[in-house]
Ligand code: ATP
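In the block that follows, a single chain appears as structure tokens, in the form predicted alone.
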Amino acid sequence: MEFSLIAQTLDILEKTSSKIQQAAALAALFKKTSTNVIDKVVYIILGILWPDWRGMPELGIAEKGIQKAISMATGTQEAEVEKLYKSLGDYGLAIERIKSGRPSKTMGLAGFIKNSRATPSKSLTVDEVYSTFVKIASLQGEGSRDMKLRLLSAILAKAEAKEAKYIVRFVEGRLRLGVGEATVMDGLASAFGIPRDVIERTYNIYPDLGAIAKIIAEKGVSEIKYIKPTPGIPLRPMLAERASDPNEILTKAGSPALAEFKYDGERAQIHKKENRVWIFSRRLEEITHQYPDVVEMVLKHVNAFEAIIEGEIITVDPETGDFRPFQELMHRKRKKDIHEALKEYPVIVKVFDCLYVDGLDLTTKPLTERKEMLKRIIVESEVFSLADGIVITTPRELETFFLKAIENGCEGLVIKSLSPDSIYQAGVRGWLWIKYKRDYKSEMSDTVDLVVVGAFHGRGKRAGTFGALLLAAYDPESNRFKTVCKVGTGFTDEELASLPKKLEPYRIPFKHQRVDSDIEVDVWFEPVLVMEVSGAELTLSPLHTCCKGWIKPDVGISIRFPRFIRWREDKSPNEATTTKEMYEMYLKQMKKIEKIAPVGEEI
């Protein structure tokens, strides 16, 4: 299959923001795609080599390397490539301009050099491009940089202008399409005549769209219905809605309901197959290497040949046994000597769900059955035990247990439905689980998780770093990020000083196409990093785009006196607080104000 078919589709996707049209373009591509490469086509569209949970490799070519590879491939002086990049702000556009034979005003005709290497001699294939990416990613050690550049320049030399544009963008990790898994699923459903929800259900328990596409193409639709949870392959986690009123919580969840401690730790999906253990984060990243002690616990305390369970890994004070905050646990990610980290940040595990045991798919079973199986296979100890929880029937019982959770150093509670339909909804956020956190007791009904999209240079004492960061909420309907506030307080001096270095990998010369902002910043970033923020209250703002026009024309929702709490390295940008959640929080806040001061009275 020729790579030009993918390049043509990527060009269509880039030029349209309509999800319906994007899905139609993908469907057309999938219909033309050979069954033996459809998985690779899906991965390339998503800008990945394979699913993240398999261990996403770094291609390891920085901007200067890309610049050099373009120079090598086209015979253009590096200085001229750099000029063109600065003019266009995109290496993909730069090589497309060079390969198409259209000099820029910046370069001038004299600086525009072409030779035979810039002229494709034979069509590129999907296999050839994909295998080159894999080779580049696999090269390590001495001399690997030069080999990576030779591989990249060779394929760029062979590529047509548009093909080269997207090859470069893939290597940069910036396809700029605004296409995610949902749109790809729409395209597959249309191409193969499959109900969209069948693909999504399969993807939630087997998150590999490339593999799913290949199974459908090679074996037919019926085959994916037999896919079940598999040890070593993470399921997308079930997520909870949020509420702050005990009466509302019990109305939504039903009574009786199960209330469990919400620990301030790292949510972990733990897989066991005989003597092999895998641990995945809520983002489906394999984190087994960070927790060799948990691996030993699982082998000792999980009495099953095969099992997939969920729990919370919590770091504790080795002297007192008290829970330590989540931030302390993150030191395990940064410690080079993991054995030293085991001593400094010992952990315990609290298990709260069971998804699979010895061939039995429990995701379709109600919570009561999953809990019974969990009790059957877990051998409890001080370091590995079931989550603390009780069955509650009244708001008073809920509030009392909530206070107990706070006293024990937890964030709050998760209330879970015990109804017959309380299945494990992988990848779904719903009212079967409800978060009730202590932050709901603050003036703003909850802390929020927002994505960094821009920054403002600091002045005075903050010269040399950033004075404030521009943050945004996620809008799943448009797959875009809408600005909410600027935050510049809550950081320690050390955190402030480290901001430029922390954010540098995500710096871009222009506003990201998935960011909606009416505010101009000094520096733009890719919407990748997530931080937790508190504030005094939610307010209306003509400056911000979050929920703009939802409450009043031309105004959005913002946060008054926002304050940095912590980085949420365990969350992806698409798991940030949504615009809908911001809107609902604002409405609840206004209802509280109305109760305090009826309409017409001063507040």
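Quick caveat: nothing in here was measured; it's all calculated off a predicted structure. Heads up: residue numbers just count along the shown sequence, starting at 1.
Below, we turn to the form predicted in complex with the ligand, even though it does not appear here.
- Comment: the ligand is not present in this chain, but in the model of the complex one of Lys437, Arg370, Arg169, Arg480 has a heavy atom within 4.5 Å of it, namely Lys437.
- Of the listed positions (Arg324, Lys416, Lys486, Arg236), a single one reaches within 4.5 angstroms of the ligand by any non-hydrogen atom in the model of the complex, namely Lys416.
- Contact check for Arg267: a heavy atom falls within 4.5 Å of the ligand in the model of the complex.
- Using a 4.5 angstroms limit between non-hydrogen atoms, Leu503 is distant from the ligand in the model of the complex.
- When the ligand is considered in the model of the complex, Ala240 lines it closely, a heavy atom lying within 4.5 Å.
- Taking the partner from the other structure, the ligand in the model of the complex has a heavy atom within 4.5 Å of a heavy atom of Asp449.
- Partner contacts here mean any heavy atom within 4.5 Å of the ligand in the model of the complex, and among 23 to 31, 46 to 54, 564 to 572, 65 to 73 they occur only in 564 to 572.
- Contacts with the ligand in the model of the complex, taken as any heavy atom within 4.5 Å, map within 253 to 283 to Glu260, Phe261, Lys262, Tyr263, Arg267, Arg282.
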